[in-house]
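Shown next as structure tokens: one chain only, the form predicted on its own.
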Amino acid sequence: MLKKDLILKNPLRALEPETGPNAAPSRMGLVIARRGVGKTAMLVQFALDSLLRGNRVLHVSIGQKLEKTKAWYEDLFEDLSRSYRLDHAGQVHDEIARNRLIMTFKATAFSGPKLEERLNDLLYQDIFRPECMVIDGYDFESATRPQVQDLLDLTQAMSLHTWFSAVRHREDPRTSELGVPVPCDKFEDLFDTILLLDPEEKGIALRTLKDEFSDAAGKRKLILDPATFLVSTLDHQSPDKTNESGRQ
């Protein structure tokens, strides 16, 4: 399969209909799940899809080492290219690797202003200008509304498509009217798309709680394949059912 065909056939088209580079306006998405259910896998697949579409991607990893974040990209790209029999996979891998930058923060050291400062350094030195950003490990439980608003303002100022991950606590059943679990319920209006990862018998279901592309939501039921953590539909799961990477 050619790269352009992989872009078109990617199940994420149900959530990101665009097949070319990002176009204005900017937007923000949120993936919510319990620990270990697949939040990082989802963010990396959004990042890989954006990279395949020709965008530059900044991956902000909070509380996770650089090597582990890189491993997610290597493992998921390998699974993706094998599952879809991607032609010239090595060449495609090298192309997208050049357009990805991973930025790490200690959990206690991250803040919106620090992120903005480091981004401005990249821009000022003409090192890297992203079109897409994923922020993995942001602490919504401790966050205030002005802090999340600042990240939205940054996203809009830089015309980014930004995806966040958030932890849902198993012991707290409270949700908003949209079904957004605490603590993210108080920020739901700041996001264009909100997804909930929900384990079920056939895999980890992607439940769309909020979607800016209202006519795209629900066309196909998306799941995370529990063997590979790849996004798929119920009628197309990865043929490789072994998961030797030990990912969590």
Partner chain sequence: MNDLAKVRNIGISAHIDSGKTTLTERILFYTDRIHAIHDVKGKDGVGAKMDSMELEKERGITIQSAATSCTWRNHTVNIIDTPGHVDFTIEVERALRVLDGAVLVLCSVGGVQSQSITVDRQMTRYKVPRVAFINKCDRTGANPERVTAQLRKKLNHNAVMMQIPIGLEADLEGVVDLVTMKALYFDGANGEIVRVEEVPVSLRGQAENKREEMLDAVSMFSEELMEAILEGTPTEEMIREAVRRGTLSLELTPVFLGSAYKNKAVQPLLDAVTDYLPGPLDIENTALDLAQDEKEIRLPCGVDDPLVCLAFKLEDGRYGQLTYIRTYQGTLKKGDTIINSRNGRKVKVGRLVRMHADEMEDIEVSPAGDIVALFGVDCASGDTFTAPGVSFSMTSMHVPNPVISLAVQPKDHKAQDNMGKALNRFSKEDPTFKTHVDAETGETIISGMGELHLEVYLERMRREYGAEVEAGAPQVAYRETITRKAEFNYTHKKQTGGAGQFGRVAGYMEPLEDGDYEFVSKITGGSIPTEYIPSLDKGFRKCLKKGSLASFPLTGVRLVVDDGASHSVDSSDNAFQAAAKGAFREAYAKSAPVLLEPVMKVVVEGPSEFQGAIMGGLSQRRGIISGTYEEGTYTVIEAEVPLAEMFGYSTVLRSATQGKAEFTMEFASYRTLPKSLTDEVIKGADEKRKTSAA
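Numbering follows the first chain given and starts at 1. Bear in mind the structure is a predicted one, so any value in this text is a computation, not a measurement.
A second form of this protein, the form predicted together with its partner chain, is not displayed here; the remarks below concern that form.
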### Query
For Glu141, is any heavy atom within 4.5 Å of its partner chain in the model of the complex, or not?
no
### Message
Taking its partner chain as it sits in the model of the complex, is Arg35 in contact with it (heavy atom to heavy atom, 4.5 Å or less)?
### Response
no
### Query
Heavy atoms within 4.5 Å of its partner chain in the model of the complex: does Asp94 have any?
yes
### Query
Should His169 be counted as a contact of its partner chain in the model of the complex, where contact means heavy atoms within 4.5 Å?
no
### Message
I need the one stretch from 145-153, 161-169, 132-140, 103-111 whose residues put non-hydrogen atoms within 4.5 angstroms of its partner chain in the model of the complex.
### Response
103-111
### Summary
its partner chain in the model of the complex has a heavy atom of only one listed residue within 4.5 Å, and of Arg207, Lys70, Lys186, Lys202 that residue is Lys70
